[in-house]
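Consider the single chain below, provided in C-alpha cells and representing the form predicted on its own.
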C-alpha cells in the first residue's frame, strides 16, 4: 500500500509552489484532484513546466464564482481528506472555500494554505513570486553582493516550499490518525526563503557578518571552486579535508605543495589563496574539464564536471542505473521522460500515477464518483458551471 493511498486531496493551487505540494502527495499515492478555473492554471502555457508540477493528478474545471458551482465543489470536498490552496489571503474566503467554511462541511479536514507573505503583518496582502523572495530574503545579495545581486533561474523557493508543505500535511494526517482532529496548516514563501538559509539567519553578540557574494563568484577558495579545462568547459573541485588537498597535490604532480609553507595548513592556504588558485588553473588548462573531474575522483579528490540537464537525462549512467527518471505517455507530448518519484520505499513501491491532466480532463469522471448522474453533469456543462476536455 502506498503511503497516502486512499487519501483524497482537493488541489486549488496554481503556478509552481502550490502545485508542487500536490505533486508530492500524488507521488506518494494520494488521489489529487486539481480544480481549475474556466481559464485554467496560469502556468499551463509553460506546458513542460506544468507537466512537472502537476503529474499524477486528475483535473476538473469549474466556475467557482457561481454559487451553483461552489455547491458542486462542496460535495467534492466532503469526500476529501485534504485541501491545498495558494491564493492571496482573503481570496478563498470570498469564494466560500476558506478553512472556517469548509470545516463545517468536513470537521476533520486538513487545510494546507500556502501564501506569499503569510496571513498577518503589513505585507500580508502583497502578491509574491519566487524572484521577489530571492531579493527580499537576501539570497540574491548573498550570491552576488549588494552591488550586483544575482538572480537564480531555478525557482529555488518555489521548489523548496512544497517539501515543507507536504511534510506539514503528512504531520497533520498523522495527528488526525491519532486524534481524529483536522486542522489548518499554514506556510509562506517568505518563511520558505528564510528556512532554506537557516544557517545564515543567526545573530549573536560580537558577530562579524561578512558576505563573499560577488557577481562573478566561482567558488569560496582555491580548493573549493570551479576551474576551466582545455575544452573551455568547467569542473568543480572541493577539498573538504586535508587528505583531499594532499591527494590533489599528488594528482597534479606537485607534492612539494603539501609542505610548502604557503599551503601546508588551511590557514596558510587561506592567506595565499590567489597564488594557489593561479597554480591550479595553470595545470588544469592543459586537459579537458571532464577528464580532470574523472581523474580527480579516481585520485580521491571530490570533483564533478559542470554538465547540463540534457546530458543528465540522455547519457548519465548513474542516473539511469539508480532510476532517476521514468517515461510516461503525455496527452500532448507523447512519450515523455520525467524525474521519477524521489523517495524510494522497500515495502511500498510507488510510481507516477498518470500524466498531468488536460484542462477539465477528468471532470465527468470525478463528478460521477461523487454521485452526480450523466444527465446532471451534461446540464452543468451546458450551463458552463463545469468544463471538460479530452477523454473523460
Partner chain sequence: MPAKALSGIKVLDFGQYIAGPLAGMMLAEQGAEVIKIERPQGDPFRREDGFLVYNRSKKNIVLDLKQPEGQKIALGLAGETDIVIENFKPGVMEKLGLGYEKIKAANPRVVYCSISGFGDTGPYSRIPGYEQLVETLATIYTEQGYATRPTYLVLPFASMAAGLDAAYSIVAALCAREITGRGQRIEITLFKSTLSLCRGYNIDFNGMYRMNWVPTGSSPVYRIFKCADGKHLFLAVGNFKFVTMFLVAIGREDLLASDLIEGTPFLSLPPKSGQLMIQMKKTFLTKTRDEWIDLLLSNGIPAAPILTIDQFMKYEQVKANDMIKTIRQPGKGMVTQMGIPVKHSLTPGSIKGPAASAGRDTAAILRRLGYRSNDVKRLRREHVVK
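Residue numbers count along the first chain shown, from 1. All values derive from a computational prediction rather than experimental measurement.
Omitted here: the form predicted together with the partner chain. The next part is about that form.
Q: Can you check whether residue 106 is within 4.5 Å of the partner chain in the predicted complex, heavy atom basis?
A: No, residue 106 stays farther than 4.5 Å from the partner chain in the predicted complex.
Q: Looking in the predicted complex, any heavy atom of residue 49 within 4.5 Å of the partner chain?
A: Taking the distances in the predicted complex, the answer for residue 49 is yes, it comes within 4.5 Å of the partner chain.
Q: In the predicted complex, does residue 167 have a heavy atom within 4.5 Å of the partner chain?
A: Yes - in the predicted complex, heavy atoms of residue 167 and the partner chain come within 4.5 Å of each other.
Q: In the predicted complex, does residue 55 have a heavy atom within 4.5 Å of the partner chain?
A: Yes, residue 55 is a contact residue.
Q: Hey, of 256-264, 75-83, 269-277, 191-199, which bit sits against the partner chain in the predicted complex at 4.5 Å between non-hydrogen atoms?
A: After filtering at 4.5 Å, what remains is 191-199.
Q: Going through 249-286, which residues have a heavy atom within 4.5 Å of the partner chain in the predicted complex? Please give them in sequence order.
A: Read in sequence order, no residue approaches the partner chain (within 4.5 Å, in the predicted complex).
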